[in-house]
Ligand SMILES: Cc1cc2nc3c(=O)[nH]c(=O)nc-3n(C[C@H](O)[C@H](O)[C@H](O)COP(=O)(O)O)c2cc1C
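Have a look below at one chain only, the form predicted on its own, in structure tokens format.
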Amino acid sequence: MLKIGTLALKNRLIMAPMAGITNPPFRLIAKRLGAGLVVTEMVSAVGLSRGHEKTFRYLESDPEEKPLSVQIFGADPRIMAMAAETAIQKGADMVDINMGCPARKVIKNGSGGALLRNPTAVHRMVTAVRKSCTVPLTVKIRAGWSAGEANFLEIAGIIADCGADAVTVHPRFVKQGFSGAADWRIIREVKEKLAIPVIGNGDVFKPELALQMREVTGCDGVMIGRGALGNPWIFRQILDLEKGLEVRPPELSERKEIILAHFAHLSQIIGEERASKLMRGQLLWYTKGLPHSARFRGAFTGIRDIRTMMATLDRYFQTLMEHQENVRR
């Protein structure tokens, strides 16, 4: 169990916020497969303050997702404080401030990873949001802006001093984006400095790596992002490893069931046409590593109508299951 402020999570595994990915259907799947906490896509504080309908949709959730963390981003402490209040009114059990996003459109406005270059702004931001936030407050950071500005210990200390309940550390620099390897030693240094929980994030692509991260860094929780793309079973597999059980890959039937459930739920909330476009990318991840998956993905990307898409998917899995049954005989 992991306790963050007043919130007790059932385990130490957290689904990372990812733009265009961690919508309600994906979060529900991650939760059902073992994630102790799921987080929304980044939500613009400015968008909420201006009443943008599209921004408010990011706050929509399902009761089964709870506990749910809402990640907000922005540069103005006052607007961020108001955004936290709005998120809580819409059902957030936790609020997370993004101070690590490397996307150009985010940092050009002084948000996300840009905040790490200004410790004073970090102090003002966390202080303001903490005053308005009646639920646990967390902050996600990177190692700094660049190797020459590796101020993660200073930033983490400010965040803790301003009353945040936990810090998530992605040990890459903002300028790195997602290139290079995550330096887990940075997570360990932050953990050694802070009294509040520290959550490690970065390069957990296999279940055994989650256990290694905790052993190497001493972190209190593990946040998984890209490692769960097409493989939400990673949460269940990590929990099995913690119990001393063998890691089991999902059966083909379960994999297909999850894909169909994902598409069906996505269709309900955004319509079949938009859902089919989003699911093309998801299917590339869901089928990665399966027999003849490259051929399937090649054929699938050219399909435009939903019926043909589903029929192609069904035929592909039927072929895989028949082959698997023949091998077992």
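What you are looking at is a predicted structure, and each value in this text was computed from that prediction instead of being measured. Sequential numbering from 1, following the sequence displayed.
Keep in mind that the form predicted together with this ligand is missing from the display, and what follows is about it.
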query: Stretch in contact in the model of the complex with this ligand, which is absent here, among 196 to 204, 149 to 157, 241 to 249, 126 to 134 (heavy atoms within 4.5 Å); finding: 196 to 204
query: 4.5 angstroms heavy atom contact with this ligand in the model of the complex for residue 25; finding: no
query: Contact test in the model of the complex: residue 98 vs this ligand, heavy atoms, 4.5 Å; finding: yes
query: Close approach of residue 111 to this ligand in the model of the complex, 4.5 Å, heavy atom; finding: no
query: 4.5 Å heavy atom contact, residue 42 and this ligand in the model of the complex; finding: yes
query: Single option in 21, 313, 9, 320 placed near this ligand in the model of the complex, where near means a heavy atom within 4.5 Å; finding: 21
query: Residue (of 84, 122, 186, 223) lying close to this ligand in the model of the complex, criterion heavy atoms within 4.5 Å; finding: 223
query: Within 123 to 151, the residues that have a heavy atom no more than 4.5 Å from this ligand in the model of the complex; finding: 140
